[in-house]
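Take a look at this one chain, the form predicted on its own, written out in structure tokens.
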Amino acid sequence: MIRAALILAATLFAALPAHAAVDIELVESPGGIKAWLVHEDELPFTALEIRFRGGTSLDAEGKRGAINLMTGLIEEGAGDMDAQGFATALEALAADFDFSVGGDVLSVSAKFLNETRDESVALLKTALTEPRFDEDAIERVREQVLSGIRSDANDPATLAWAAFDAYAFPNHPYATSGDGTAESVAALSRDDLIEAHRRILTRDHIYVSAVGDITAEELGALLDNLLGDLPAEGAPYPDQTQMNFEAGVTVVPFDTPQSTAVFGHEGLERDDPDYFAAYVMNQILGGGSFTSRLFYELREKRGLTYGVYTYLSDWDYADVLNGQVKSANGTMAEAIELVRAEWQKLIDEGVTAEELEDAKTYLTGSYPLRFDGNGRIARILVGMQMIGLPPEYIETRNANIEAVTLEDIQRVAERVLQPDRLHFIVVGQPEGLETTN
């Protein structure tokens, strides 16, 4: 019955109007842990989002994949509960926990009902502070990771992104997969996982948001109880990347009828004054909608691909303007030339007033749709904190989009787009393409 109630509550919250106001309260616990709170008392549950900055980039030297494997083991037994005991306790509370990790962040997403809040927080605390790392659980999750690595070795898109990262971010954790390699993962010991836990699950890496039926006072006490016993400091963050893109093509031979190309060059920092103009410009160029220039030229006009897109990648230690396109081996060379041509055309000719208006309409209209549930709102709020956005950004974001002018797009295109540094990594057997540098 409790499980059904939680599902119903989540469904009801998701049905709230997308344009509903998001009133953010800044909270600091008695112990000094800061959080953003949206108090929503119509439904008796709370979504809590916790992020630990650093992600897999904090792997110790020679232990690639340790933080990823450790994250997969957090709920595979904790305290006096083995994996099955932990799952049973979670089910009994009708709570939901999710642990995930990427290159920049380890995320903990939790949802729990008011009536089981204390017990749910206690269980989550046990998972975060007392993971067991039982040998049988380690081997089970290790095999899951290894299976994913073997699968990735046969996926052209994954191979293309891996090769792009190795090219773009030499001598940096971003250059290699946070999953590790088959060799590095196989070599990880239980002690390595304990060390991985110590490196990232610490108070100096924490960002928190909460959305739901909880007051600021209650949240402050919850945070100290849940997170106050974590170590104060973890591993130091890596340095900013040193990127050095050169125009050209790198071909990675792979037996497949369709090639995959990943491309890009340096991008723009999120706090740059020109970021909103660059964001709108990218929407027009290749932002993923059916009206982008690249989609029209490559898909609609010539039928070279089912999809092509570009986006601004804002990572903690690198900023890149990225893109991807898939095309048959016989047409990939043409697709790449068209991408290059559109890059230059936007610099030379700018965009039309109609293109600008269409992009603004899409970007401003789709934004409220992101706020369709307390879990998603909590994730948005903690993400805003991590990139230094103020709470009022939610209210001002669309106005900043609307303020972008044709002149702004032209200036930013000339500044950001760099055809002379646009590099393509192609995985497949593309006809008429060879590695150029």
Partner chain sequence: MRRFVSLLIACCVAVPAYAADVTSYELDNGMEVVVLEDHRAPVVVHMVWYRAGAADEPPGVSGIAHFLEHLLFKGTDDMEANELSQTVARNGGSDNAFTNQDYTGYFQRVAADRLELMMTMEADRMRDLRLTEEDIVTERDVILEERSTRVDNNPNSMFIEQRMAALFQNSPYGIPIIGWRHEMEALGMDDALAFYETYYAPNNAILVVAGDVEPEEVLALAEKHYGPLEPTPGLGDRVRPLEPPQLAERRLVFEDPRISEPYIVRDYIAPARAAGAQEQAAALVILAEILGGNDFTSVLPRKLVFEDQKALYTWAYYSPLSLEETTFGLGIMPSPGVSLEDAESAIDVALAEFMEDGIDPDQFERVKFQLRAAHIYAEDSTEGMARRYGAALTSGLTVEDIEAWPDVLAAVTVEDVMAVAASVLDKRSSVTGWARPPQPEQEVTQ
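The term rigid core refers to the most C-alpha atoms you can superpose between the two forms while keeping them within 1.5 Å. These figures come from a predicted structure and were not determined experimentally. Positions refer to the first chain, counted from 1.
In what follows, reference is made to the form predicted in complex with its partner chain, a form of this protein that is not presented.
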Quiz prompt | Contact residue in the predicted complex, chosen from 204, 269, 115, 130 - any heavy atom within 4.5 Å of its partner chain | solution = 115
Quiz prompt | Selected contact from 241, 250, 260, 107, since only one has a non-hydrogen atom within 4.5 angstroms of its partner chain in the predicted complex | solution = 260
Exercise. Could you tell me if all three of 171, 183 and 397 have a heavy atom no more than 4.5 Å from its partner chain in the predicted complex?
Key: no
Quiz item: Can you pick the stretch from 162-170, 308-316, 84-92, 194-202 whose heavy atoms fall within 4.5 Å of its partner chain in the predicted complex?
Solution: 84-92
Practice problem: Decide whether residue 282 counts as a contact residue for its partner chain in the predicted complex under a heavy atom distance cut-off of 4.5 Å. | Solution: no
Practice problem: Determine whether any heavy atom of residue 304 comes within 4.5 Å of a heavy atom of its partner chain in the predicted complex, and answer yes or no. | Solution: yes
Quiz item: Applying a 4.5 Å heavy atom distance criterion, does residue 224 contact its partner chain in the predicted complex?
Solution: no
Quiz item: Is there a heavy atom of residue 387 lying 4.5 Å or less from a heavy atom of its partner chain in the predicted complex?
Solution: no
Quiz item: What residues of 140-173, in sequence order, lie within 4.5 Å of its partner chain in the predicted complex by heavy atom?
Solution: 140, 143, 144, 147, 150, 151, 154, 156
Quiz item: Once you line up the core, how about residue 248: does its CA shift reach 2 Å between the shown form and the other one?
Solution: no
Exercise. For residue 366, decide whether the Cα shift between the shown form and the other one is 2 Å or greater, given a superposition on the rigid core.
Key: yes
